[in-house]
Ligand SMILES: Cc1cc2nc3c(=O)[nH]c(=O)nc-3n(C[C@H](O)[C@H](O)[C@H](O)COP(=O)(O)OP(=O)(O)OC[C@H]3O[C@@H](n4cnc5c(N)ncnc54)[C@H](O)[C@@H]3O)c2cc1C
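Take a look at this one chain, the form predicted on its own, written out in structure tokens.
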Amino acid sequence: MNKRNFAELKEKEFDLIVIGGGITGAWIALDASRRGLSTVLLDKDDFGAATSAKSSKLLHGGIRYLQQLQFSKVRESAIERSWYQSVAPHLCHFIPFLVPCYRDIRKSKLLLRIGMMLYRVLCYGENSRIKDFHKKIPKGWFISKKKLVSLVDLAESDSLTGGSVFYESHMENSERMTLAIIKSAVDSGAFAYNYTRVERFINDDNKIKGVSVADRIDGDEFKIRGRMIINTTGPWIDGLNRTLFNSDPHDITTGFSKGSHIVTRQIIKDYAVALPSQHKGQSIVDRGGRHVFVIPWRGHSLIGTTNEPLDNGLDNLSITNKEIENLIFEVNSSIPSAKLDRNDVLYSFSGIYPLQANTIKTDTYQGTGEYLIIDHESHSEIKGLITALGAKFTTSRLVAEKTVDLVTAKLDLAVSCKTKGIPLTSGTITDIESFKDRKCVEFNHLFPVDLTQSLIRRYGKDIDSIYSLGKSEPQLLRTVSERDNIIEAEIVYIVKNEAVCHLSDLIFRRTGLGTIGNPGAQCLSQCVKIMGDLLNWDDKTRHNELESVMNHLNTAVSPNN
């Protein structure tokens, strides 16, 4: 990826400046660069560190929209889910979800059968878009009460009648998905810089001609010129737009909701389960409230999500003790044998979700999955600016396609989208299982089979670069984390090639070492030494970076509220 050299940014005028390096901004940068637009992507923090990293890691097929009778959203989500299987086959896999059924008509097998039949119709043709047989979406089925309770030790209930099994696509590391898209954009000619904050727009008589930015690493301030600018900063959209025309902060969003997850010891190994909860959901066909998901994830359970009104600002977000207790209560109520307590909570994270509801209900989930693309020339007579608010990770590619379509129309360029089913740089793998088998044999003299498979899940074809490092410098084969199956060569590769600026970038996003709990003092010491040596950190910087990571790990399990 681009080194932190801003000379070229200061000298040229770009066709497109993309502000916000979350999943939507990443796809916009890739789409635009593949169409031949000179593109620069900027983020004030690390790539994909905010909302895009704080989800249940699902590339869902839109089944939740059935309850809202949003049939077009179901179809849209299903199609977009299929594209991910082709563009990044190494970064996602299908897991079976269990949905319990009850005698209550709203939660009955009958109603769910009708829903699943309709869902299959709306998803028709999804598998035809996926060329690799191993990546096709498996069929779901219904199971008896006896079978259900043998799989999940649900609380005994006379009203329980069985359940449904359907498959969803899950990511081991959603942050690496975002990064893989950005790296592919750079490979297509884009520039991408994290920790580069846009301070204001350059406005010349209601025509935006660029942005003023600040390098948060070295403190440099400079301007970047662009023919079109896209604000895709998610929850920060209104705040950035207000620097331009002092608009009402709720012009685009009407409020924010916070959703939190916890990571615990593993409760259920082979299935995810959608548990009934006391939380309200905003839907037309009501199954009796929102579900809490318990998802098997990297040898642990990922549990969420909560829904809380946001009342303490957009930055420095963290879970509350109340949210942790509520999630533990919901799981223990439905699965008594889980016997979760606070000591089982190894990590947590919280994300912000912009709302567009006319009336905000603090006790009801109001997410709709609706995205917004606003041309400010027609919206507020400001030329050169587009705002793109993506709603879901799954449909972000489509939001990007529509946004770049608008950009090319304004620049009078006749170039079509080149992201549908076209693999990312690290995902040019036609048969994922054959690729794994081949690499396990090719690398068996250097890497154990389980290490090769882990590296493929994280890096796809880029495993070759890590292999080359290990082969040329055998000392880099030393283990950093047995729990996560990570070696020093991987850390060196990341620091040299993936735009890490802080230890937290490495621990929480590039490797995920910290996102299933504290990886241990020895692991952290190895990481800070390797990274510090490569980036020439002094002792004070190393101490501060390590302290920052430890503070985050501690707050994630013991919030100060």
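One rule holds for the numbers: they count along the sequence shown, beginning at 1. Model, not experiment: these values are computed from the prediction.
Heads up, the form predicted in complex with the named molecule isn't pictured, but that's what we're talking about next.
Heavy atoms within 4.5 Å of the named molecule in the predicted bound form belong, among the stretches 344-352, 156-164, 408-416, 221-229, to residues of 344-352. Put simply, of S426, T394, T264, S82 only one has a heavy atom within 4.5 Å of the named molecule in the predicted bound form, and it is T394. For the options A50, L513, I63, L503, the residue carrying a heavy atom within 4.5 angstroms of the named molecule in the predicted bound form is A50.
Contact annotation for K136: none of its heavy atoms lies within 4.5 Å of the named molecule in the predicted bound form. Taking the partner from the other structure, the named molecule in the predicted bound form has a heavy atom within 4.5 Å of a heavy atom of P235. Within this chain, I17 is remote from the site of the named molecule in the predicted bound form, having no heavy atom within 4.5 Å. The named molecule in the predicted bound form is not approached by R298, whose heavy atoms all lie more than 4.5 angstroms from it. In the predicted bound form, I19, G20, G21, G22, I23, T24, G25, L42, D43, K44 are the residues of 19-44 with at least one heavy atom within 4.5 Å of the named molecule, listed from first to last.
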